[in-house]
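First comes one chain, alone, set out as structure tokens in the form predicted alone.
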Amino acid sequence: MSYSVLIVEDEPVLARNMLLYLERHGIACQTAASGEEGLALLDEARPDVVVLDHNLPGQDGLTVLRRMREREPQLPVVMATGHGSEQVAVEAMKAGAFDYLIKPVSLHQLKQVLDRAVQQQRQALELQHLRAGGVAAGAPAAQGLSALLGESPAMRQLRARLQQLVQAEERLSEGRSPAVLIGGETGTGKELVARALHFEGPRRSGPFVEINCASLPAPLVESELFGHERGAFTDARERRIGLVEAAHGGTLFLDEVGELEPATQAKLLKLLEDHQVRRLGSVREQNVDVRVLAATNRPLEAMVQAGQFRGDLFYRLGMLRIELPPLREREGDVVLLAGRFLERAARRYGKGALRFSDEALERLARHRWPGNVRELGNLVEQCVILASDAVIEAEDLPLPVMPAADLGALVPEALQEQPPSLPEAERRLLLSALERNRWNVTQAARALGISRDTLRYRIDKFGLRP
């Protein structure tokens, strides 16, 4: 584990012994011989943890501890006291010290305490981010290969591919696991695949830290990922370690990675190449051990050609690539998934035993599912909420209905006369639907039987404009 320590100790021999021992273990150290010097170094050194002696010239250790806690409330401080100073140790813990050590200090024990202090701080930050993202602590989450439901050939092939990656990571004898880029349409289950790779692999006991790059304003993404020092920008009132450091020893999952700004892309590339990270406002690099998984539903190759995404980052992320099949290509899985979702939702809403009629299942199987598994799950939940009988009929399904006459009206005359290539046929059909609905995306999507997000993606894909 890589971190930095500020040692505030007036005994030069002890301070030097601590410094040499910790530096031999790859820990960056700075020393101060008094409380005043330690407080002055706090902003300059930006330590991750402080070792603070009680018997100092000038201000005593307890006074210095309280002042440090006022300035850096989340900074762990380990107090060192002499024999017979148990009352001082109690006062130190009341004042917010992480732990205390009795002199003479065992250097091995010192490192153990410091490791624990930094690890607990990073775990607390991970929990804070999870709660901020709406995931309650201890909430059951689907994870592992067993969460990837489906018996279609496409899903069997996907699970076999993931098993190969997990086994390769288990056998890795040196170096770090390569990044994995997970592609697929919206709603295909990219997060489930990322969780499966983590919880089935050798890093399963480490943290799984997720960030949706599209859900945060661009100026905040870099701070969330890499952290910041106090005063790094206007609202940075205290130090905060980033999600990369919080994921140390585990997995960092970057969802919607195609939304990252160019400056953040450059820092992410450095992380993948050097396994180092630097907080905003800091001059010191931190070594981190994280496995990076990334997901996107955007065409990154086209973005690279358009200069919107770094080519070197794309090739680094895409060393291993997994493409998730859309639900319409998973033969037989719609009925299986619908039954599983129905069982779960009925139990959650206390509706007892519910089932789909044969006609309802047939209609579900015929639907194209532009929103994929997510759309199916939402539809089943809606059916359960509104269900008044034990059997859900075809007419109870909130699926878009497009009469044959309306579908024919959508097809451009040129398309009916001479069948063009499939991409060109799709482009003409989209353009016709948009023009007939005066470029109202919501109405055009409804007419086509697809989601608005899917239509917007295809508008961008084909470069359609009014």
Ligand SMILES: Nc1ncnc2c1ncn2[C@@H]1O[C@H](COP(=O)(O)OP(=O)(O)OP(=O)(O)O)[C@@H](O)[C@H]1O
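In case it trips you up, residue 1 is the first one in the sequence shown, and so on. On a predicted model such as this, the values are computed, not experimentally measured, just so you know.
Omitted here: the form predicted together with the named molecule. The next part is about that form.
- Shown here without its ligand, the chain is overlaid with the named molecule as it sits in the model of the complex; no ligand atom lies within 2.4 Å of a backbone or C-beta atom, and the site is open.
- Only one segment in the set 366-374, 69-77, 112-120, 352-360 has residues whose heavy atoms sit within 4.5 Å of the named molecule in the model of the complex; it is 366-374.
- Proximity to the named molecule in the model of the complex, defined as a heavy atom within 4.5 Å, singles out one entry of Leu165, Ala346, Met155, Ala97, which is Met155.
- When you look in the model of the complex, the only residue of Cys383, Ala89, Leu337, Ile322 with a non-hydrogen atom within 4.5 Å of the named molecule is Leu337.
- Interface residue remark: Gly201 is not counted as part of the site for the named molecule in the model of the complex, having no heavy atom within 4.5 Å.
- In the model of the complex, none of the heavy atoms of Gln286 sits within 4.5 Å of a heavy atom of the named molecule.
- In the model of the complex, the named molecule sits within 4.5 Å of a heavy atom belonging to Asn297.
- The shortest heavy atom separation between Glu224 and the named molecule in the model of the complex exceeds 4.5 Å.
- Three-residue candidate spot Leu148, Gly187 and Leu192; every residue lies within 4.5 angstroms of the named molecule in the model of the complex by at least one non-hydrogen atom.
- Along 323-343, a non-hydrogen atom within 4.5 Å of the named molecule in the model of the complex is carried by Arg330, Leu337, Phe341, in order along the sequence.
- In the model of the complex, the CA atoms of Val277 and Ile27 move apart by 3 angstroms or more relative to this form.
- Note on Val277 and Lys111: their C-alpha atoms are more widely spaced in the model of the complex, a change of at least 3 Å from this conformation.
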